[in-house]
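This document opens with one chain alone, in C-alpha cells, the form predicted on its own.
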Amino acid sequence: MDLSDRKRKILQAVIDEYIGTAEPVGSRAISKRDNLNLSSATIRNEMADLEDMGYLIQPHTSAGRIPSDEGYRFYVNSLMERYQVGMEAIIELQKAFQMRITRLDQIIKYAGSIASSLTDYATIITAPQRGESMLRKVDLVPISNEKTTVVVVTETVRSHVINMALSDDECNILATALNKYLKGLTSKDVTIDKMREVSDRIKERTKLDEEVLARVLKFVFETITDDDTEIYVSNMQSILKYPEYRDVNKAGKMFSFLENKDNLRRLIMSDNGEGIHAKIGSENEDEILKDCSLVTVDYSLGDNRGGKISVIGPKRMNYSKVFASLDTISGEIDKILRYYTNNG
C-alpha cells in the first residue's frame, strides 16, 4: 500500500521514537521534531489513518500509538536510515580478529561476542556448515525376540535399537524397499514430504506394521538430516535490559528457549533468506518469538558456504544499527576465514 510522503515521515518518526522510549507515542512528541513542521492536530489525524491502514496500534484508548508488525516491516524495507558503524568500532573489530586465534571455533565464538557488543542484543552464531550427507545404505538386523537394530550409513554409521520384533524376512523386505527409494539421496532431498511418499509406497507393496515403518523412517530421516553444526549464544542476559521482559515468567521462557540448542538449530538453520534480513514478530513461527525480531546474515568460509549470525531482541530493536553491525562483522569474518583458508 502506497503511503504519502507525510505519512511515511510520521510513521518513521513514531517508530524511531518508540524504539528509543518503549512508550506509546503521542502526536505531541512527534510535533516537536524539527523536520516535520506539522501541528499536533494534523499529526494526530495522520496517525489515525496509519492505524486504520494497519501500520500503528493504539494499546489503550487514551494512550499513544505503537508500531504493528506491518509497520515495522514497512520501516525496515523502506524507511530506516542507514547506520554508519564508527571507524573506532571497525578498527577494534579488525584488531580483535588479528589476535593469534588459530582454532576456527574460537574465531566463531569471538565473532558472536563482538556482534553482541556492537548491537547489545543476544547473538546466535553457527560454525561453518558441513557438506550435504548422502544416504548410502539402510540395514535392519533382528537382535532378540523384542528388539531390532536399524543401521543407517551416510558419511558415518549410526544405529538405533527399536523395541519391536522383526523377522529376518521382514528386515530384508523393509531394508530393500528403503534402499530402493532412498539410496543416493542427500539431506537436501530427504524432506518430510519425501518420507511420506516413501511410506505410502512401502505400505502399498508390503504388509509391514505401520508403527514399525513409522519408527524406522523417523530414525532414517533424523539421521540423514541431522546437522551437528555447532551453535554459540552470546549475551543472552541482555534481554533483561528491555522493558518487554520485565515479566519474570516471560523472561524465564525466553531463557529456556535460548538455552535449548535444538530450538536454536531449527530456528537459524531453517532460515533460507539471502543477504541481511529480518523476521519480525508474527513472521517467526515459534510462539515465544512473536514479540521478537530475528535479524540474520550469512558469512563465507573462503569461497565456500560458511555459517550464519543472528541477532535476537525485542521488535523494538534498533534495526538500522543491527543491520549495519552484522554487515560489517560478516565482512570481517569473511576476510579472516579467507586468510586462514589460504594460509592453512
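Residue positions are given as counts along the sequence shown, with the first one as 1. Just so it is clear, the model here is predicted, and its values are computed rather than measured.
There is another form of this protein, the form predicted together with the DNA, and it is not shown here; the text below is about that form.
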Task: Candidate stretches 314 to 322, 291 to 299, 64 to 72, 272 to 280, one within 4.5 Å of the DNA in the predicted complex by heavy atom - done: 64 to 72
TODO: May I ask you to state whether residue 26 is within 4.5 Å of the DNA in the predicted complex, using heavy atom distances?
DONE: yes
- [ ] Would you check, heavy atoms only and a 4.5 Å threshold, whether residue 284 touches the DNA in the predicted complex?
- [x] no
Open item on the list: Can you work out whether residue 309 and the DNA are in contact in the predicted complex, taking contact to mean some heavy atom pair no more than 4.5 Å apart?
Closed with: no
Open item on the list: With a cut-off of 4.5 Å between heavy atoms, is residue 47 one of the residues that contacts the DNA in the predicted complex?
Closed with: yes
Task: Contacts with the DNA in the predicted complex, stretch 248 to 264 (heavy atom within 4.5 Å) - done: none
